[in-house]
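Both blocks below hold the same protein chain, though in two forms, and each is given as structure tokens: structure 1 and structure 2.
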Structure 1
């Protein structure tokens, strides 16, 4: 997917004026927040688990090379194959190769953010395969030809009416279609359409929430069961996983699973949590004949040990999106690439370059709510600041902001000058306000006054008045 993160401001403006989108966002926002709050209130051990989870991830990352090697060894021992990919291109090539060897035509896909990251669907379709997204949200955006707008609720930006219209346009069969109005009708129609795809698919591709080094297992969590059908019915199962997903043991995954569902959807556990280990065994009655894991790096090994190291703890729960006031205002598409919200504002510049992604770290008030709700306690605001630092050092900051800041800093370093300019500015503004206490508009303050008045200064500076009080009082 070609990123449009550089146009964030424009994308955001469009989103703010999109009434349908605003309606969808308003519906989603509060729901996620309330559900998470309820789930955490119901588990007194949550904070202890959060600390334990963080420690597990820290330990796993500190030994990532060892755990990945162990994971590979166990997958191989169980009859599966591990493929390593440094880049999206290598990862797609690995997937294409497996599909070709399997003589595949149709591919059923479970939800995978790494899949989005490497644009595996584009690669497969370009090679002539039919790819069907099977997660309902992913299916909706696939047929709408849109990227996901949320990492766990890809179609959160779509209203029921929009989804019904998409379905009617695509699934319409003369004499068979009935108007779709209710949520059950929509879900039922998707179930019928996709059921045939599952049964016909030659290859199933899923993501992975965790990789278990101890057993060589890959873990997925879903509510729909689509991931399990994708992994069970086709002849070949391909798991796309990024390298930071490795954890040592089943016990470690158990801790993280308790945090994941609560932080994401406010559930204690999702409907389906599945641990896949290798292809079907000799006496199994079902399951794929081949089991492949494609391990994707795409810049993560360079994050390790650096300023963004802690971002690798991310378990992709989406809580930072759900609690971000900027995400809540503009939705995911404005961010212009695969990962939106605070986690996306950290990851996108690392994966598509700071030049392309630079607006994202700036599009934050650094309010810190993302860090407060992050189950992995990732210091997201700190990393957004780090991006801003690099942007400044590399000279990517727009000149206007740079000059304004330099002028301010110049003045503030010289108290005598600062007092003089302050006195002058306050007197000017006070005079211009004409005693009305505020401005409805003001030259150079159009950004502020478009939607709010600018309160006028009281008059005089504190420092001057304090001096006077000291000398006369």
Structure 2
């Protein structure tokens, strides 16, 4: 997927006027939030678990080189192979080489955000391979020729009617369920189509939620079982994973899994939580003949120890998206790349460049809900502000914004002037409101008043009111 984050404003306007999208977002948002709330209410020790999970990730990142080396050692000892990729191009080249060596034609792929990040499907299809997404949401957006709009629910922007129309247009084969009026009917039709793909695939590609250094295992969580079929039926299994997924032990992974499911889908644990440890052994009934892990850096090692170090704690649960008022209004496609929402607003400028991703850190109210619900307590607002600071320092802020900040800074460094201007603005705004108590339009605030009223001042400035309370309190 080619980044188009610079077009966020245009994308957002289009999303706000898309009635079907707004319907889908409203329904999905409430579901995610309510389920998470219920799951956490049923776990009194959630905050203690959260602290334990953060400590595990902090320790893992502080010793990442050690645990990655240990992971590779264990994978190799179990008969697998680890491939290191600093860039997306190197990661795609490693995958293509494995597929070529295997003589592959058909590739079954489980959901992988790292796969989206490195555009592995594009690389494989350009080389002549048939790639089939096996996660239902990913399959839907693949046949719709769209990128995912959510990291755990790729087709959350689609309504049931849209999905039914897609299937009916593509799957005109005798014997398939008609008409597609319910979710079970849609799922059943997808199952019929994908079953043959699983059986015909030469190579299966999955992502990884965690990499366990102790055993050389990779872990995936799904609710459909498609990841298991993609990994066990083909002759070759390729795992795509980013380097920060490494954790020391199986016990550490279990702590993070308890946090992940509750934060992502409101479940105690996902329907399928699967550990893969190397290729099939002599006495195994199934499994791949070859097991490969492609470890992707793509700028993550540069984040270690810096201003964005804590972003590497992210376990990709999607809670920050589900609770973000901006994401809830415009959806994932507005962000213009793989990772949407608050986590995407931090990651995208780091991976595609601040100049390209500049609008995303500014597409935030900094309300703090994302940090409050993050199971890893990642200070997302702080990192969004750091992006904004760097944007200003590098001269990427539009001239009007720079002038406004310069004017504000001039006044802020002169308290007497700041207070005087504040009193003048309060008086002017009261006069302009005409006693209505709110503005439906206001010069220089059109973007705000286009969608909501702006309250008019009801008293003096904050400082004046505070001083009065102080003297009379």
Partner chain sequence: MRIALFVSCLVDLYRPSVGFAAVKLLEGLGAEVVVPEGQTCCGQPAFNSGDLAAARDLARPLIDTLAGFEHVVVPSGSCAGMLVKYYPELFAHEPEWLAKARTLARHSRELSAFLAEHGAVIDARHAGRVAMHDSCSSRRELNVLAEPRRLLNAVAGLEQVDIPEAETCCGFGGTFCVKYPDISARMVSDKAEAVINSGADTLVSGDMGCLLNIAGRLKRMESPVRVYHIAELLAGMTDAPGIGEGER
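Bear in mind the structure is a predicted one, so any value in this text is a computation, not a measurement. Residue numbers count along the first chain shown, from 1. Rigid core here is just the name for the largest C-alpha set that superposes within 1.5 Å across the two forms.
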query: Form predicted alone - structure 1 or 2; finding: 2
query: Yes/no, residue 44 Cα shift of 2 Å or more between the two structures with rigid core fixed; finding: no
query: Core-aligned C-alpha movement of residue 11 between the two structures reaching 2 Å; finding: no
query: Rigid core fit then residue 23 CA moved by 2 Å or more between the two structures; finding: no
query: Per-residue Cα shift, residue 441, between the two structures [Å; core superposed]; finding: 3.6
query: Per-residue C-alpha deviation between the two structures [residue 462; rigid core superposition; Å]; finding: 8.2
